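One chain comes next, on its own, written out as structure tokens in the form predicted on its own.
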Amino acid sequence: MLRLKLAHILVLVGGLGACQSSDPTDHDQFVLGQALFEDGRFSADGKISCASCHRPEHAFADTLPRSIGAFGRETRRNTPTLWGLPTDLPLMADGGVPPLRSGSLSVLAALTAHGDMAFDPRSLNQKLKAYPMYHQLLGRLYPSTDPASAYLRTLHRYLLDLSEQGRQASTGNTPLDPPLVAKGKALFEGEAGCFRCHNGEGKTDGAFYNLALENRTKEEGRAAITLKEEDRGRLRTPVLLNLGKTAPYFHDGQAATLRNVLEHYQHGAGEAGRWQGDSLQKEALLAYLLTL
């Protein structure tokens, strides 16, 4: 099956005249990037791909609280969406990886992380030699670049494409009750206080807060990066896009539903404060969140 898919990719990449883009290499890079994104042979156990955790049918997030990486190891955190991800947002919940606009470090971080793909980047050039089709296609796209760098650049470009497509697309469902959604939007931007942190592109300010969540995974948060005790437990404001497809929620997936998320805020969410909305207001806010 994989051989058939790769053969189809070769035809696509060779057929420049069929490309819809004004620059044929845009289409070529997207097709090859998607193939690399879905190919599990570049993990330490040869089974886990980027798409194993960033599942396209779930807005490139996952349905597990914490995904399963190479050798069956559980990842550190809940897998976030890649669809519409702002390119200037520090990556990972602790902001430990530079934004997408900064280059391919985002790809390298996932490729080498112990709990994710756990691949040794020093063997990437040798690995690619075992797959002549990839070696050939990467060489055609980046003729003056070594295969490993071309691999990382191609995957990085694919992530940028997902970001751009998501930001241009209409991500929400058609509201069944427009007045209820309008009420929820007013709460989001006003009384509920969500907009204080969930503002800007992707509905995130990119800042870090301690939400007083149960620390089930001994999460250090931003302190792991800054080494400042006051940053312990602080995590980046998440993107709020395609919320109906990206459950469970919070950094470790401890909230199974959006309703659970709002209940946490009603009980008190640390630095984010407490929202004491009633049941009708909660339904309105939920209705609005599902349109994002």
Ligand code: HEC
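Throughout, we count residues from 1 along the sequence that is shown. Computed from a prediction, not measured in an experiment: that's the story for all the values here.
What follows is about the form predicted in complex with ligand HEC, which we do not show.
Stretch-level contact check against ligand HEC in the model of the complex with heavy atoms at 4.5 Å: of 126 to 134, 142 to 150, 175 to 183, 113 to 121, the positive one is 113 to 121.
The partner is absent here, but in the model of the complex a heavy atom of 261, alone among 261, 35, 44, 59, sits within 4.5 Å of ligand HEC.
Taken together, the three residues 87, 105 and 225 all stay farther than 4.5 Å from ligand HEC in the model of the complex, as judged by their closest heavy atom.
Contact between residue 79 and ligand HEC in the model of the complex is found at the 4.5 Å heavy atom cutoff. When contacts are judged by a 4.5 Å heavy atom cut-off, residue 193 counts as touching ligand HEC in the model of the complex.
At a distance threshold of 4.5 angstroms between non-hydrogen atoms, residue 163 is out of contact with ligand HEC in the model of the complex. Within 4.5 Å of any heavy atom of ligand HEC in the model of the complex lies no heavy atom of residue 29. For the partner-free chain shown, 53, 54, 67, 68, 69, 75, 76, 77 of 52 to 77 come within 4.5 angstroms of ligand HEC in the model of the complex, judged by any non-hydrogen atom. Three angstroms is the minimum change: in the model of the complex, the CA atoms of residue 106 and residue 53 sit farther apart than in this structure, by 3 Å or more. Relative to this form, in the model of the complex the C-alpha atoms of residue 89 and residue 110 approach one another by 3 angstroms or more.
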